[in-house]
Structure formats: structure tokens, C-alpha cells
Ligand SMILES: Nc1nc2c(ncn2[C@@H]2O[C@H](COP(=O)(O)OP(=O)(O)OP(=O)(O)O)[C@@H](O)[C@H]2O)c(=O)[nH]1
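So this first bit is one chain, no partners, the form predicted on its own, shown in C-alpha cells.
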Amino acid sequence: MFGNLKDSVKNFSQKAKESVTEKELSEDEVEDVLWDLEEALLQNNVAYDVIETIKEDMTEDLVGESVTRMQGESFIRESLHDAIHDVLDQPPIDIDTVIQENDPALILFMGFNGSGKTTSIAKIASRLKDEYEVVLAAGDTFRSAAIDQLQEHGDNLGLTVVAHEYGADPAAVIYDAVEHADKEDADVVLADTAGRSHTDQNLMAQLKKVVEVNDPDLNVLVVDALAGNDVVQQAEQYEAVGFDGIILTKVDVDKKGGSALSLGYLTGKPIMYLGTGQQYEDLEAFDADTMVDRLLE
């Protein structure tokens, strides 16, 4: 995970060590070191605005500091650690609070084609089912086999799936799922929606209708880490619908890792979970400290 970015940071830190002498760090010296960092981050799909923020924070932190050559690498790595942490650190969303404050709670999942929405829903359902009564809503009535896929997950997990026929109105499907959950005293509805390109205006309008009709308690955008900087553009387009938090999938096979640094900062929305595989347990709650440690270990 994040192999390329780790290697780039390691190379950057080594060059920083070689560049630092026993004296007060000048702005030119810091700028020389950060130039390599900028190049490394750009190559690893970190958005330019995020890179500039990291560089500005580090420049403010480093210029004028007196360090020895032996201290240099660790001092600069600590500064880099803090700068990346600040970029990643967004106010978290507590799903338990969302569920406990709504009866039943509706959590709606949206995202680009193939981003991993249905699998992410199943993973979250697996996490929640021991504590809450969970209902799944098959709101993807567009993609062939989408309902069957969600039903299979429901069967595996022992959960009710509310579904209509393919081609049905997804807003009505999700509305019925909430009605069913209310009648059966269930705690939370996890609603699937069709994967759609953010450039498909008709499908985006349909998603807006789903949100307007059902007024979800939490909207979650699911994005594929392998999409690189495109995930930022996707997220910006989905702002027209509105989302509260992010699930970043396929990070186990993302060798660059820059999208994680870009998404939260540029959208102002927290990354809630990382998808790390295909099994139900392969979902990791996002933690900024853990992420930074991974990048710099």
C-alpha cells in the first residue's frame, strides 16, 4: 500500500539529510529540499494545491531553525509528518451517532461506476449487524445484476434486502426500504445507488431526486483510489448532490497513494474508511495518525 509514495518520501528524507549542515536553515536551503518533495508528490497523484499547502507549512516550520547534520533528517521528517497530518485531519463522522440519533437512520452510498459501492455497503453492514438491525436497499436498478449482487451479500450476512424490479425508480425503492425498516423497528438502512459518471447529467439528476425524496441522514461518496487525481474531480462534481464523508477503496493495490492526501483536504470532507480487499473484514476505519505513519514508516 502506498509503495511509490513511501519510496519517494524516503528518497526525499535522505536528500534532506545530505543537504542540511550544522547551521540555521535558510529559505533557499529549505526550498531546494522541498523541490524534490514536490516532484515526488506530483508523481504520486497528490493534487497541486495540497502540495503547496504542505510546502508552505514546512517552510514556515523549518526556515530559521538551527539543526546539525545528524538532526537534519529526523527534524525534516517530523515537519513533513505534521504537514501531512494537517492535510489529512478532518472532523470525523461517527456512524454510531448517526444511527442512534435517527429512527431509522438512512445512509446513502453514491459514486462513480466501479468504485466499489456495493461491496463497501456489505462491509459496513457486516460491521454493524451485531449491534444494530440493518436493512439493505437495492437502489441500483440500472446496472445488470446489481440487485442480485446486493441480495447475495444480504443472504451471506443474514440481512433483509428491499428491492424492486430492474428499471424501477430508485427513489421509490429506498423510500420503501425506510418504510420497511420503520415498521420492523430496524435501526439503519444502507442504500445502494447506481454507479454513474459525474458527467452524465440525467443520472446525476436522478441521484438528486433520490436525495430530495428520501432526505438521507448521511451521504457517503465511494471513490476508487486507483483513479488517481480523477477522484478529486469526481468529488467536486458530486458536491452538486451533496455528500458528508468518503470511503476510499482499493488502497491495497494503490501503489501511489496520493488520492488519500488530496481528497479530504480539497473537499473538506472526512475519509471515513479505507477498503483494503474483497473480504467483509477488509474495511479499515480511517485514522490520520495511522495514515501518516504508513507513509513515513
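Note that the structure is predicted; figures quoted are calculated from it, not measured. The first residue of the shown sequence is 1; numbering continues from there.
Keep in mind that the form predicted together with the ligand is not shown, yet the notes after this line are about it.
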query	finding
is_contact(Pro92, the ligand) in the predicted bound form, heavy atom dist at most 4.5 Å	no
is_contact(Ala240, the ligand) in the predicted bound form, heavy atom dist at most 4.5 Å	no
Contact test in the predicted bound form: Lys269 vs the ligand, heavy atoms, 4.5 Å	no
Partner proximity in the predicted bound form: His81 to the ligand, non-hydrogen atom cutoff 4.5 Å	no
Listed range touching the ligand, judged in the predicted bound form by heavy atoms within 4.5 Å, from 130-138, 207-215, 106-114, 84-92	106-114
Residues of stretch 142-157 in contact with the ligand in the predicted bound form (4.5 Å, non-hydrogen atom)	Arg143, Gln149
